[in-house]
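A lone chain, given as structure tokens: the form predicted alone.
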Amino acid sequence: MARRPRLSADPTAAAARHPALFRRVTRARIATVLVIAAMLGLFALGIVVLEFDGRRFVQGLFRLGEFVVFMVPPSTGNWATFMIYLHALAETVAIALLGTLLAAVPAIAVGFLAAENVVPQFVIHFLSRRFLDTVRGVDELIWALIWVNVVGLGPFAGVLAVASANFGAFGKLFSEAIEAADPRPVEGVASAGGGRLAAIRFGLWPQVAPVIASQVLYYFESNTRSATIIGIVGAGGIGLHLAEQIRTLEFQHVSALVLMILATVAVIDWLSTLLRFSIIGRRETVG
């Protein structure tokens, strides 16, 4: 039985036998140290440029505590106001749902175009990726301001803002999921005589559909919070009421609105988790 060669404990001898390996390790360590030093330098520069003041931060915490005291107990004043807020909250959820679906459907088609294993042509692949990057680079709040000026105030502008902001992200995530799919089922369909569309439909789509559905559900949950923010600029939903109550210093109304939003997000999170597990399956834990 052959004996395995023993590694020398002497680093000098090891370096003499493998000089190139040690040069690579040394360069990697130097590069790591330089990157860490650069990040620390940028952090220190940011503190100076942005005028970070610890004393002001502590004073702000005390003022935040005063605001919390003013928010107790949460109250909407009367049932009529509560029903107005509830209607606005339902509008926010509808904005998030419609915006998510409106972004997901066309993003599936663009995701296939942006996937190298589906469309190998470099030009189409490159243009699709850059188009998605461009759309994804514009923040949701900016989209809300754009659509409010295009179609006017109201929830329709909010739906278009959520859809525009999510379209680029969906396209990127979907294309990456398609590229990460196992090619063997596609090759099996093709070897059985299936065409290109049949290979995508029966070999590729069953693999990526659960992943896409899971991502859409996750973004719907996230968009419920985002739809609250864009409502502040006039894109409909409960955000407009929240901004108005903050401006008028009605802190009890503010706390009631925040609790309503948190409860809604918690319920949607619970429901979306159940749906994700029903689609992709629950992982077994090894105890």
Partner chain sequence: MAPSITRLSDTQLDAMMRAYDGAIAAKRRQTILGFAILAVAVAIAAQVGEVDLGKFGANLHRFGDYVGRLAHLDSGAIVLSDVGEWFWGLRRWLWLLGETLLIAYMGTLMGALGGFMLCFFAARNLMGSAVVRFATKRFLEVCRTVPEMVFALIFVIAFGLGPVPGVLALAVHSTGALGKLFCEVVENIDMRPVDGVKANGGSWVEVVRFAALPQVLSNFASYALLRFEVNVRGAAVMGFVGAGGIGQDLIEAIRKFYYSDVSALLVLIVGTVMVIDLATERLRHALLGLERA
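If you're wondering where the values come from, they're calculated on a predicted model, not measured in any experiment. Positions refer to the first chain, counted from 1. Here the rigid core means the biggest group of C-alpha atoms that line up within 1.5 Å when the two forms are laid on top of each other.
What comes next is about the form predicted in complex with the partner chain, which is not displayed.
**Q** In the model of the complex, which of the listed residues (Glu187, Asp133, Glu176, Glu116) lies with a heavy atom within 4.5 Å of the partner chain?
**A** So the residue touching the partner chain in the model of the complex, by this definition, is Asp133.
**Q** Just one of Pro155, Gly203, Gly168, Gly194 has a heavy atom within 4.5 angstroms of the partner chain in the model of the complex, so which one?
**A** When the partner chain is considered in the model of the complex, the option within 4.5 Å is Pro155.
**Q** Whether Arg27 contacts the partner chain in the model of the complex should be assessed with a 4.5 Å heavy atom distance threshold; does it?
**A** Contact check for Arg27: no, nothing within 4.5 Å of the partner chain in the model of the complex.
**Q** Using a 4.5 angstroms cut-off on non-hydrogen atoms, would Val123 count as touching the partner chain in the model of the complex?
**A** The answer is no: Val123 has no heavy atom within 4.5 Å of the partner chain.
**Q** Any of the heavy atoms of Thr228 lying within 4.5 Å of the partner chain in the model of the complex?
**A** Taking the distances in the model of the complex, the answer for Thr228 is yes, it comes within 4.5 Å of the partner chain.
**Q** So, Thr81 and the partner chain: in the model of the complex, are they within 4.5 Å at any heavy atom pair?
**A** Thr81: no, not in contact with the partner chain in the model of the complex.
**Q** Specify the contacting stretch among 73 to 81, 108 to 116, 145 to 153, 207 to 215, defined as having any heavy atom within 4.5 Å of the partner chain in the model of the complex.
**A** It is the stretch 145 to 153.
**Q** Which residues within 214 to 248 place at least one heavy atom within 4.5 Å of the partner chain in the model of the complex?
**A** Contacts from 214 to 248: Arg225, Thr228, Ile229, Ile232, Val233, Leu242, Ala243, Ile246, Arg247.
**Q** Please say whether, between this form and the one not shown, the C-alpha of Leu262 moves by 2 Å or more once the core is aligned.
**A** No, Leu262 moves less than 2 Å.
**Q** Is Ile246 one of the residues whose C-alpha moves 2 Å or more between this form and the one not shown after the core fit?
**A** No, shifts by less than 2 Å.
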